[in-house]
Structure formats: C-alpha cells, structure tokens
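Presented below, as structure tokens, is a lone chain in the form predicted alone.
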Amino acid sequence: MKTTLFKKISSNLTAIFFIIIGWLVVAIKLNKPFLPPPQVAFFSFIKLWVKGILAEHFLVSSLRVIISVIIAFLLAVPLGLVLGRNENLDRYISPVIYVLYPLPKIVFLPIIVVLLGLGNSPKVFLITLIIFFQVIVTARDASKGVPFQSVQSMRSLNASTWQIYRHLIWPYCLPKVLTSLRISLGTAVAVLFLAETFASTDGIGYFILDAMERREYGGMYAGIIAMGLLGLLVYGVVDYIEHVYCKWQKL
C-alpha cells in the first residue's frame, strides 16, 4: 500500500515538474508581461498567502465547493439508488432528468442570482445543481446494474430492503458514484470560477479577475495556482475515500 502511494505521489510530482518546465520555456519564449515565469507566480502566491489575502479567498471558495458536494451527494445518491431499483418511480422521474441533465447549468446563473441574491447561496446552489445531476444519473444506472442473483441471494437470507441497500447496492455502486463525483468536480471548480466573477466580492475567481483588471499578473497567476490547488485537493480527497472504502476492488 505504501509503495503504491509513494509511486502515485512521485508520478504527480514528476508531472508538476514538467508542467512548470513547460511554463518556464513558454514564458521565456514569449517574454510578455501577461505570462510571467513560474517563480514570479509562486513568489506572489507565497507573499499573498502569508499576508492572508489569498488564504481568505481560498477558504471562501473551498467552503462553497465542500458544502455543494455534501448537499449534492446526500440528495443525489439515495434518490439515484432508489430510482435504479424502483421501475415505477423511475418511469416518472427519469424523463425529467433526461431533459434537465444536458442543459448547461451555468446559463441559469443570472436567474439564480436574481432569486437568491448575492453571497454564497447562488454559487452553492449552482455547483450543487451541476454535481447533483452527474451523480444521480450514475447512481441510478449503477443501481440498475446490480446482479439480480445477488439480490435474490440476500432475500433468501431474509434480508430486509434496508439491509439489501446497505450491504449490497450501496457497496456495489460506490466506486461508480465516486468516479462520477471526481469527474463532476472539475466542472464544478470551473463553474465556481465563473460564478465568482459574476456579481461577487470574494472567492478565488473574484481575486483572479480583480488582479487581471489591475494588470497585476503575478497576483493573477497566484490566484490561478490557488484555484488549481483547490481542484487538486478536492480531487485527492475523493481519491482517498475511494482508496479507503473500495479496497475490495483491488483484491
């Protein structure tokens, strides 16, 4: 286990190293103020973080993503699992999901802001909406795929509906649900950036846009690094949860 974790960390560090080298080469080649070399961006990141300016915006954005993920997960997973096992309910709910799922949720941002006002509520609602549809579709399809023989085996042991969901359907669907969550997080962080640049006064997205408008390119790239770090952290948390709770996949 430790060897696998070490290899993964080494691979990630190697990838980061080559990205930084590529960034440095392009910055030297272009030699433009809007693309400073990586050392300038990292120095700005450290300076702004130590001052607490960037850390404050990072905390605000992190809380928005975390709260959105928790709400979406708690709503989408149970409903998706039930829809996958209940054909009558799925017959009525699935058409609604089919119509709403492909719609780009970001276009509703102005309407959401009008309804919910400024602050955290519209941003959390929008991110929750995006993650919700991604997870519920995956959870429903995964629940439908639970082998019939496995369900019948548990019923032959007089297992209750709750026990079937807890000990069979939930473990069977968890890896697929976490994969969908991992995929949707990238979109969620991108949408967070757009939401924080729209009628907002805090968050990493606002910080990046503000630095760009003031042509403080070091600060702008420091914000981009912070946004990338946020995405990497939430992705890593989901990856860790899968590693801990889905060990049986690797047996």
Partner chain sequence: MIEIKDVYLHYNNLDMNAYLEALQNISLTIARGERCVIIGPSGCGKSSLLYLLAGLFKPTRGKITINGQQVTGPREEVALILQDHGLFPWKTVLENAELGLMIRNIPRVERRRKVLGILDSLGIKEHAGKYPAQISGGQRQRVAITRALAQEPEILLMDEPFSALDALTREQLQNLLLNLWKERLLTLVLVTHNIEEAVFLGDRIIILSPQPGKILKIIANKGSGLVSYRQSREFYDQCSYIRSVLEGETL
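Positions refer to the first chain, counted from 1. Just so we're clear, the structure is a prediction, and the values are computed from it rather than from any experiment.
There is another form of this protein, the form predicted in complex with the partner chain, and it is not shown here; the text below is about that form.
- Note on contacts: among 107, 114, 157, 96, the single residue with a heavy atom within 4.5 Å of the partner chain in the predicted bound form is 157.
- Interface residue among 150, 161, 121, 179 relative to the partner chain in the predicted bound form, by the heavy atom within 4.5 Å criterion: 150.
- Listed stretches are 78-86, 123-131, 96-104, 171-179; the contact stretch with the partner chain in the predicted bound form is 171-179, by a heavy atom cutoff of 4.5 Å.
- The partner chain is not drawn, but in the predicted bound form it has a heavy atom within 4.5 Å of residue 167.
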